[in-house]
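Only one chain is given next, in structure tokens, and it is the form predicted on its own.
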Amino acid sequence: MGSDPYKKVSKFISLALRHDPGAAGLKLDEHGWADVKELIRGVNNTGRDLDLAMLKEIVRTNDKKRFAFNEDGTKIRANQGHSIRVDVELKPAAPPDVLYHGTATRFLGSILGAGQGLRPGSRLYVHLSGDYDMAVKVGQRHGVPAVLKVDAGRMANDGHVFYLSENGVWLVEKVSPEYLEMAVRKQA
């Protein structure tokens, strides 16, 4: 995603919009929106450089489409990944039959062996991908990657509610072990 200063500022914006608005002196509304001018001011008050053009570029080029502007560009929010309670106005969606979850091999014992399944941890939802390769990338951020196959079709039939975020990440409250198995890389 662009140069290093952009990446550092993007990570700080992610922190402020998903986990700790006070880090940038922000208040989020009930739907997670922050005033763009207040965000820019708050980021600059921490010694980081941010202007509107740079913010627009960060939003436009973020590979995971983490952020979105409102229609008139006066507000910004994170699309998902919050650890603070906000309603990003997710709509229930019917998932594909199979979704994937990327993790690190060191977590497989607690997920599968201890029978915990997938829990959101500090987030509001478990994040799932419709794409095996994206799940591998997510798993790599946490160590040696492992990919779990989620029987999302059966989960939906059993009454579990799925949401599809603005940036294409599938969200669900939890995934019990009976819906999980190790995924094997698909052969082309």
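All residue numbers are counted from 1 along the displayed sequence. This is a predicted model, so every value here is computed, not measured.
Here the subject shifts to the form predicted together with a small molecule, a form of this protein not shown in this document.
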Note: the small molecule not shown here; in the model of the complex, the stretch from 23 to 31, 150 to 158, 49 to 57, 115 to 123 having heavy atoms within 4.5 Å of it is 115 to 123
The small molecule in the model of the complex has a heavy atom of only one listed residue within 4.5 Å, and of 111, 84, 98, 90 that residue is 111
(Q) Since only the chain is shown here, I'm wondering whether residue 39 would be in contact with the small molecule in the model of the complex (any heavy atom pair within 4.5 Å). (A) no
Even though the partner isn't displayed, in the model of the complex is residue 43 close enough to the small molecule, meaning a heavy atom within 4.5 Å? no
Quick one: is residue 79 in contact with the small molecule in the model of the complex, heavy atoms, 4.5 Å cut-off? no
